[in-house]
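As a starting point, one isolated chain is supplied in structure tokens, in the form predicted on its own.
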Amino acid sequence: MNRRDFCLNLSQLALTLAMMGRSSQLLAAKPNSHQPSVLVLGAGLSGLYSALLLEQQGFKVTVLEARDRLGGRVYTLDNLAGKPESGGQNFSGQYLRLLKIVESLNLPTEQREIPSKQQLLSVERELVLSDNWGMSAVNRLSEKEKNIIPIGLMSYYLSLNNPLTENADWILPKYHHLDIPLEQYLQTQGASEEALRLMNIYPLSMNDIDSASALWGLKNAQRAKKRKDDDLNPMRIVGGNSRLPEALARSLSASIHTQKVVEEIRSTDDDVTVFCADGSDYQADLAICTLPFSVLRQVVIEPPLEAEQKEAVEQLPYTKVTQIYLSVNRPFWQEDNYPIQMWTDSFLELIFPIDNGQDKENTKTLAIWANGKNAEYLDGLSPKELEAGVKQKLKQIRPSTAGSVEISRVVSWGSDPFSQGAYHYFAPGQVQALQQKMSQPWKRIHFAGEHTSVSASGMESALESAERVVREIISL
């Protein structure tokens, strides 16, 4: 599909943007022959989609990307069996923007295998089938919690009295009283000490339940319930979700420069200049910064950010996630007759198989995912220590794994210099203090990225932020 056809088939909001007309102020300040220009920092989904929408509006766009690849935190590991999604895991029928773009690009999608409800639990080095958890001797939960498997405890407590019903409710002032530590909120809902301990093992979208706002947890629970109520099966793009940013890049006329590590963004009354670590610099009328705040806090911004925006860049927390991929040389699960998928209270946290396409019976790759403090622990090990430690712990909690797996890849989003975390979250008090102000334009610099989204989640949040920032620019 050529670029013109693609642009004609973009989402409804993108078509609305095309009819809005661009800014009188920006164009009035320049001669009629001047083509307004924008620098886009970051070639993830938000950056590439922003660039495409701006090109539709007649802007000259240049994209700068620090990595040697496109996609940011959408990252398919193409060299591993099953092509695991290290970032940008999947999407569903609720991702309306993404689905429209995927359709316009003629990218085929496929249903992802839904994990079995039966899983193996390793608690205090005892193996327990999830169906038997309620009767296990290592189950020290309270009576009302006994039959809830550890990974389901967070969902249970956040669903009890969740007042949020719509995707944007979490930012409303009437819920600011819930912008308290999540751990404190869970205690008020009756969570036992053992439940709190178990919930702190792979707490989704945060490092730990003490450092996150209860509003952030309630928001995630509300959206998860909505997905469950709609009975939407997870999907991905055939061949991997990295095919999406690659296809978006091919649809652009803009210059995309990789390995451009931004060191300084300087905004004046007339333009923006971006200085890169390799000595190059780029100039335009405006800039869109999609860098995670965890990375942006290392970039010099002139004039400096102020007040809440400065605080957000400096302090917004990001979840550390470390993924260890194992190649399987012997199907150990056929020896012990346990499910492959495991939840553990060790530093390995989650262990699960990678869908191998049509060859469902012949799993070739396993993934270990840890976040927060356990991810930080793994990141601190040398490669030799990591390999020995992972194999030893696996053997300790599941003896049949001995000699059956080898580490084939390690991805650490927490130590990646261009992400410094897998995704953002809000600490207690930050929703009411920072959320409304942290994404506002600063001089000639505008902000996009998943951390600036309000209503969407996952990859859709990056696209939502792109549409919002383009509306900002064309309405100047």
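We number the residues from 1 along the sequence you see. Since the structure is predicted, the reported quantities are computational estimates derived from the model, not experimental observations.
Heads up, the form predicted together with a small molecule isn't pictured, but that's what we're talking about next.
Just one listed stretch, out of 397 to 405, 291 to 299, 186 to 194, 100 to 108, contacts the small molecule in the model of the complex at the 4.5 Å heavy atom level, and that stretch is 291 to 299. Distance criterion of 4.5 Å from any heavy atom to the small molecule in the model of the complex singles out 66 from the list 66, 52, 431, 438.
Proximity to the small molecule in the model of the complex, taken as a non-hydrogen atom within 4.5 angstroms, holds for one residue of 71, 240, 203, 150, which is 71.
Within 4.5 Å of any heavy atom of the small molecule in the model of the complex lies no heavy atom of residue 76. Contact between residue 425 and the small molecule in the model of the complex is not found at the 4.5 Å heavy atom cutoff. At a distance threshold of 4.5 angstroms between non-hydrogen atoms, residue 365 is out of contact with the small molecule in the model of the complex. Among residues of the shown chain, residue 261 is one whose heavy atoms approach the small molecule to within 4.5 Å in the model of the complex.
Relative to the small molecule in the model of the complex, residues 45, 413 and 457 are all within 4.5 Å by at least one heavy atom.
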